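To begin, one chain is listed below as structure tokens, in the form predicted alone.
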Amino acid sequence: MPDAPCVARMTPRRAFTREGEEARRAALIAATLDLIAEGGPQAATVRAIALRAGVTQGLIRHYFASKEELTAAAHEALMTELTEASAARLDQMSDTHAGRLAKFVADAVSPPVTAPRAVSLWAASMHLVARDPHMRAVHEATYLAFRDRLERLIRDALAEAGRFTGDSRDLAIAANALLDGLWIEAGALPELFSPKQLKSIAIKVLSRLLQISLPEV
């Protein structure tokens, strides 16, 4: 019996430590993204990241084996956040599969996904993909996560419409290319497009590609 209070007191400390470490790791990733957004990948030096995050350079090495690993983690955080933002409304309401697909597509070409900062961060990181194995692995994983989610939505919408096809993977790749193109232009030249216009274009073109009717969102 005397030991129980001791265990109870120690449990919050362990939880607090985990939360503190996660927060510091997130702060390092945020600092890295801020620096890349301001001056490109070359601006995100270990020294600059440490100064921006308010930590020592040694602490960075506690969480990441190299600057390349930290840069890759920052890219992963960015791309995962964009994918989740595209899917944020999927579970908020019951809908048809066609409606769920339309919402996903519309959100993928709307703020905050199309924020110029997000597109510039992506562009700044892409030249590292071909030469850095960490970045290549992250790029592949985040691309596949988005594509596979899109494929599931497409497959469900086609089945709902009575269209059973074995090329849902190819359709998802083509649809992803459409969304990527609109996303890049929206982020690079935001003054040329309205969110409503981009959503309408994405849904209309995808409807024709899939040969089903998707609702306007």
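Nothing here was measured: the structure is a model prediction, and the numbers come from that model. The term rigid core refers to the maximal set of C-alpha atoms that superpose within 1.5 Å between the two forms. Numbering starts at 1 and follows the sequence shown.
Below: the form predicted together with a further copy of the same chain, not depicted.
Put simply, residue 65 is far from a further copy of the same chain in the predicted complex: not one heavy atom of it is within 4.5 Å. Of the heavy atoms in residue 73, none are within 4.5 Å of a further copy of the same chain in the predicted complex. Taking the partner from the other structure, a further copy of the same chain in the predicted complex has a heavy atom within 4.5 Å of a heavy atom of residue 208. a further copy of the same chain in the predicted complex comes within 4.5 Å of no heavy atom belonging to residue 85.
The candidate site formed by 21, 50 and 148 is entirely out of contact with a further copy of the same chain in the predicted complex, as no residue has a non-hydrogen atom within 4.5 angstroms of it. Here is the short version: of 29, 157, 171, 60, the single residue with a heavy atom within 4.5 Å of a further copy of the same chain in the predicted complex is 171.
Of the residues in 171-187, those that come within 4.5 Å of a further copy of the same chain in the predicted complex through at least one heavy atom are, in sequence order, 171, 173, 174, 176, 177, 178, 180, 181, 182, 184, 185. Annotation for residue 178: C-alpha shift under 2 angstroms between the shown form and the other one, rigid core superposed. With the core held fixed, the Cα of residue 149 is displaced between the shown form and the other one by less than 2 Å. Note: the CA-CA distance for residue 38 and residue 111 contracts in the predicted complex relative to this form, by 3 angstroms or more.
With a change of no less than 3 Å, the CA-CA distance between residue 198 and residue 38 is smaller in the predicted complex than in the form shown.
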